[in-house]
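The form predicted on its own is given below as one chain in structure tokens.
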């Protein structure tokens, strides 16, 4: 469980930075946090400069006072290691700590995400600080978790990284001959004769700019560098993790992730974390499905276990072009949506609003006015009161999903680094197409990786499965053969794990499962469409059209025009006791809703509840308790007819099956399903 087994309440709070304030403000903050029902603070996130003002001097006295104050006031602590931004003296004295960008330009001190993950100096000082903090504060019983660094991210192309990359490749591939094979260096005469001839793939070497995008001439080396950089940063997390565990082995350790963050393979990161935490900052234009998808990803990368919502804004962000306020009820709605999809703690950035620098206009629990009668504070006070009332009713609860969607960072990287067939072909777009259709039908979904078990699912959807790593086809073959339904899409089964094309015809290793042969791919221009009829309705074919031939499959629909008119576009193949579907183009939301409705009906996958459009129904099951979340994302009230007997967890009212309930605009209901046996 996130934050440990002994926590029997929903933790509610956020990032608190008292080092930015005179001490006379601290006592007022304690009063205001109590009034808002806050019970946890994240401390020490960016204090490295204050804690270590010089090479061998450490100053913990101010942090001591802060730690003692929050303990005296009954607050739990998620203690950060402060290594998210290195001190200025360190950059001056140890320039190896500074990153080099993709243009080959070495940065100076400033900003965040500016420490080279392969810098000996960074690794030395970061590990030492984490260990000193753990040793100093291990006697504080109110520490419930450790928070390493902050939002790991970015990349580096310095000499230290280049040397480390060569060693990493040598360990990974063993011989220079194998390296040349997987990089396909016979193309353009790129053969390497020794390891020290390998250079980093950036704008000084294999990368170039085209149509405003950075592209790669050798995708194999680019893919490996993405893997290497993600693992380099993970090593930095593990280094601090190990220092903490030496002193406090029983306290869980995390770092805050960032949803669909492309540079870091979070499926690998999650295996090294005691629990997942993440920072949710939806764009105002994001749909409820897009926000829910990110929550489900965070739950999925850690064995479908609960997570911590480490950061969200109480009101407004500061970095978007237009920083729109959250409307009345919106922060409550988004908080409960996070809980519905697996969050066991609801936290904010920040507790008190900064007075300077780039986040001075970012929202906070306590605004610049310092008052407790603002709209934002009143809403947060209400939410804190409700969460306290709920206790542990859904803590450690799981989502009862019978369907899953594949997501894989290697696929994401390799597909979008590929030279062709279309720059419009985006991995996340394809995932969202299918997820959104299921979400809007209230079908619970898990997001799974290539190594996760398939056993509990009736349906697995793998949009744009461009890369088929070793063994994945065998696992899909077994899943379908045993009665499962597998759905994949255009441009799938194309390459192996090294981004080398699988010979013998597309879709490569999936060909027998799908019962088709794809001969060509037609990339459509912006605004250009083909079309097809499915179940009597005409739908568009966009972005890419696979030109395929039937082998064992049958066609469910065909293209309506062009020279490939009447060629299959959607196919179904019986394989063993199950079925494999192939959708050879990208279509619109109407098609995905109808298509998945048919798939889920065939597989007998049930919705959580029937609701009007815009009203989300989600379920969490904890022990023998089933909690239904009803969340209205619309601007007006909606009526929902209940499908079981329920007790309202917030007002205690009892409801019978068939009773209608009115869910107000941005409103939320939490129901406990009553046992009617």
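These figures come from a predicted structure and were not determined experimentally. Residue numbers count along the first chain shown, from 1.
Beyond the structure shown, there is the form predicted together with a further copy of the same chain, which is absent from this document and is the topic of what follows.
*If you check 232, 205, 304, 121 against a further copy of the same chain in the predicted bound form, which one has a heavy atom within 4.5 Å?*
Filtering the options by heavy-atom distance leaves 205.
*Name the residue from 32, 609, 67, 49 that puts a heavy atom within 4.5 Å of a further copy of the same chain in the predicted bound form.*
None of the others qualify; the residue that does is 49.
*asked:* Even though the partner isn't displayed, in the predicted bound form is residue 428 close enough to a further copy of the same chain, meaning a heavy atom within 4.5 Å?
replied: No, no contact at 4.5 Å.
*Though only this chain appears here, would residue 125 touch a further copy of the same chain in the predicted bound form if you measure heavy atom gaps against 4.5 Å?*
No.
*Is residue 557 close enough to a further copy of the same chain in the predicted bound form to count, meaning some heavy atom within 4.5 Å?*
No - in the predicted bound form, heavy atoms of residue 557 and a further copy of the same chain never come within 4.5 Å of each other.
*Indicate whether residue 590 is a 4.5 Å heavy atom neighbour of a further copy of the same chain in the predicted bound form.*
Although a further copy of the same chain is absent here, residue 590 would stay clear of it in the predicted bound form, with no heavy atoms inside 4.5 Å.
*Of these, 443-451, 401-409, 599-607, 107-115, which stretch puts a heavy atom within 4.5 angstroms of a further copy of the same chain in the predicted bound form?*
In short, 107-115.
*Heavy atom within 4.5 Å of a further copy of the same chain in the predicted bound form: which residues of 358-395 qualify?*
Contacts from 358-395: 358, 359, 360, 361, 368, 369, 371, 373, 374, 375, 376.
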